[in-house]
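A lone chain, given as structure tokens: the form predicted on its own.
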């Protein structure tokens, strides 16, 4: 897993260059947002189960067909699996948030996930919607923790939804 700093160093090392103004500005921005990132992770950590539960409730309220007979979250086992997956997305989004880099999402969550879901018949659309709901809940939690600028929270959640969303070939 790489963070914003190691990724930047790797890119400059591969090309054999010293840091330029863009690199220095990128590092400065990452370090200036470090405290907010850690505070956001703490807010998520202390409310993770509530965030997942609220996101699941809202998702099933918006898309009740998922929990009806023959729906993908029908039966206790499938419902629990859905919430388990949402918890995974939240946990790894938190790692990416602290790292300031979405690399961990690609390595540990997203590689092959779309294909796995398709082979199991898991609908991608509701998964994407669930991640978007969690993003909104997390932003509210982070703002409630006193962090004024919550824009950095978007990146990991948006990366997950972008990678899972339907794409034209």
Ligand SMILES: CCC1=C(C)/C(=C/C2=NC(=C\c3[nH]c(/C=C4\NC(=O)[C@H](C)[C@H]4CC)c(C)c3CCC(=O)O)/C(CCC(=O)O)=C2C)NC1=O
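Positions refer to the first chain, counted from 1. Not measured: the values here are computed from a predicted model.
This next part talks about the form predicted together with this ligand, which is not shown.
- Taking non-hydrogen atoms only, residue 57 never approaches this ligand to within 4.5 angstroms in the model of the complex.
- At the 4.5 Å threshold, heavy atoms of residue 95 stay clear of this ligand in the model of the complex, well away from it.
- Mapping the unseen interface onto this chain, residue 127 counts among the residues with a heavy atom inside 4.5 Å of this ligand in the model of the complex.
- Heavy atoms of residue 117 reach within 4.5 Å of this ligand in the model of the complex, making it an interface residue.
- Although this ligand is omitted here, in the model of the complex all of 77, 82 and 88 have a heavy atom within 4.5 Å of it.
- Only one segment in the set 42 to 50, 23 to 31, 107 to 115, 140 to 148 has any non-hydrogen atom within 4.5 angstroms of this ligand in the model of the complex, and it is 107 to 115.
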